[in-house]
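For reference, the chain that follows is the form predicted alone, supplied as structure tokens.
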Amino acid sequence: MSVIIEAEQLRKKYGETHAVDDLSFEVKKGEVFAFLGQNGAGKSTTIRILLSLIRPDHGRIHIFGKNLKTERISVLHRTGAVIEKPDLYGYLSGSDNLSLFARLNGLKLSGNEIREQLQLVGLAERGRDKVKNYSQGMKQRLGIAVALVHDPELVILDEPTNGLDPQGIVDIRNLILHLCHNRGKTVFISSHMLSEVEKLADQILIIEKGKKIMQGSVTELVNPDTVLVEIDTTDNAACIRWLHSAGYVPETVSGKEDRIRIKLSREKISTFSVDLVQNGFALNSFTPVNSLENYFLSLVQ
């Protein structure tokens, strides 16, 4: 599978704050790549760097195998994006907005093509209405239609479900899956709706204070056959030594009073705590972390 985005050692600093700090990742063709982090983690700064809206202080980006710094126009012609709230013309209809943005991309869409684009995002019946009368969710969907108007290979969506009701969220989820599975597009999505990301993403990257703290597939991070458990005992250092001797592979959770994280098969959970106690380790806490939301919070809190 070919690589669409290759980012290496990106850094961006504002004053004394490291918005992006030595961040590297790859996005492969045809996948939904989810970019997660708390507010202020560096997600929006990274997206703006990928779209060449701001320059990194350090690092290298290749998109479609092209150097973004030297081949910016070529890359952006093959990329569509919605950043936060879409910029639309409220006094124009949805159809006219779409037609205008198509012309800005050097395209002249027929009436049928505009209707098809609106149908794709569930706005076919409201295409003649002025955008100023749209709800926030409708504006969000029209923004996605604008991002798709030139049929880009890469689609970058920053919080695409903002302002949507539950049905709208499902519609956007289905649209993203359709774009990837049926139209062969690659979607890079930033979102705070972890339950949706869990249903959508092929790969997940979690950042905190501009740094990558975890990357993997949903299956790797949230395997239904295993449970990620965080434990805290009265002697964690000795417990880690015992776990290694017993054939486990523990890792320390830094910044959290050195709690221990370990993956267990479901059938071992009931006996694991008993083994700890029998080997002299009193438990202060024993916390399963198996949903993406719990896993995310276990990393960033």
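On a predicted model such as this, the values are computed, not experimentally measured, just so you know. Rigid core (definition): largest C-alpha set, two forms, superposition within 1.5 Å. Numbering starts at 1 and runs along the sequence shown.
The protein also exists as the form predicted together with adenosine-5'-diphosphate; that form is not presented, and the subsequent description refers to it.
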{"property": "Among 271 to 279, 57 to 65, 33 to 41, 238 to 246, the region lying within 4.5 Å of adenosine-5'-diphosphate in the model of the complex by heavy atom distance", "result": "33 to 41"}
{"property": "Any non-hydrogen atom of residue 19 within 4.5 angstroms of adenosine-5'-diphosphate in the model of the complex", "result": "yes"}
{"property": "Contact flag, residue 45 vs adenosine-5'-diphosphate in the model of the complex, heavy atom cut 4.5 Å", "result": "yes"}
{"property": "Did residue 74 shift 2 Å or more between the shown form and the other one, C-alpha, core superposed", "result": "no"}
